[in-house]
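As structure tokens, one chain now follows by itself in the form predicted on its own.
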């Protein structure tokens, strides 16, 4: 197990370096920190020299990337000019904590619903309930995230207030007062994420479960007289969850990396809007800091998923 983990980590380091270098090179070739000084009539050459020295603009891009990576390895990702020259690392960590307040509860709800709906739909294949779950899934997959977010804002921010003269949930910003305020501000963005992601994951679980329940060992277990639901939950569900674990690893990393559309629509101070600020304002340090974080999350949770495979299926060995 240890040798497998060490080997996986060693093989992902080159991938991480290549991926982040591509992002760094593309961003650096577009973003020009000297552009704002080009129209400045009172700036002297010393101002240009300070910017050049601050961002190492006199070095080629590979050298600049190497210097940035050496700093990032020690926790120094530079400063973010688009955010008032705050240090990138603590800023990204602060925003990630805000994003995690949506990502973690949303993921837990999604995981439970995806398994429940997928198994229920597979066991009742071609029934009315299966068609109902399938219809829900198709609606969730086909509709964009911003559609659900805007619909929830209209229903609970406008219509509900007109109908009952009350607003049960906040439709924007993060409110961290009492527990009631937290629930009111977190509910709608979490519900948006749950609707969109559960729809896709339940389809994966249904397809996987259908393949498992039609396998020989399931039929053998049924022939021995074991109750149907015991066969499905004890013998079938573990194997059917293996493909879903892979999807979970990707989705959870994406949620922790910032749900750009959801957080933007609900004015949530998470990583999503921060990444957009970094991209649109050409903030190289900020963009790279968030991209590095997302890349590490994806690598870490994919490694965790590979280890969980062995727990779900004892036939899988790490050699």
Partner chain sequence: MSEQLRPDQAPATSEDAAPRVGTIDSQPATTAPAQDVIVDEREGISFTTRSFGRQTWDRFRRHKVAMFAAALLILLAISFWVAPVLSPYGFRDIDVAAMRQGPSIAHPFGTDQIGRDLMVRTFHGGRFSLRIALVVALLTTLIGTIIGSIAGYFGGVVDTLLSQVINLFLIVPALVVLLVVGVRYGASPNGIAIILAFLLWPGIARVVRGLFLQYREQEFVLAAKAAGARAPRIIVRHILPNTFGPIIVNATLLIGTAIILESTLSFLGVGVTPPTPTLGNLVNEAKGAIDSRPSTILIPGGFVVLIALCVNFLGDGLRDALDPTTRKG
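Just so we're clear, the structure is a prediction, and the values are computed from it rather than from any experiment. Residue numbers count along the first chain shown, from 1.
Below: the form predicted in complex with its partner chain, not depicted.
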- request: Please state whether every one of the three residues 115, 217 and 233 places a non-hydrogen atom within 4.5 angstroms of its partner chain in the predicted bound form.
  value: no
Picking from 131, 229, 160, 86, the single residue whose non-hydrogen atoms come within 4.5 angstroms of its partner chain in the predicted bound form is 131
The one option of 93, 200, 100, 176 with any heavy atom within 4.5 Å of its partner chain in the predicted bound form is 200
Can you check whether residue 74 is within 4.5 Å of its partner chain in the predicted bound form, heavy atom basis? no
| message | Does any part of residue 29 reach within 4.5 Å of its partner chain in the predicted bound form? Heavy atoms only, please. | response | yes
Does its partner chain come within 4.5 Å of any heavy atom of residue 15 in the predicted bound form? yes
Evaluate residue 250 for contact with its partner chain in the predicted bound form, applying a 4.5 angstroms cut-off between non-hydrogen atoms, and reply yes or no. yes
TL;DR on 78-86, 221-229, 176-184, 151-159: the one with heavy atoms within 4.5 Å of its partner chain in the predicted bound form is 151-159
When its partner chain is considered in the predicted bound form, the residues of 189-210 having a heavy atom within 4.5 Å of it are 200, 203, 204, 206, 207, 210
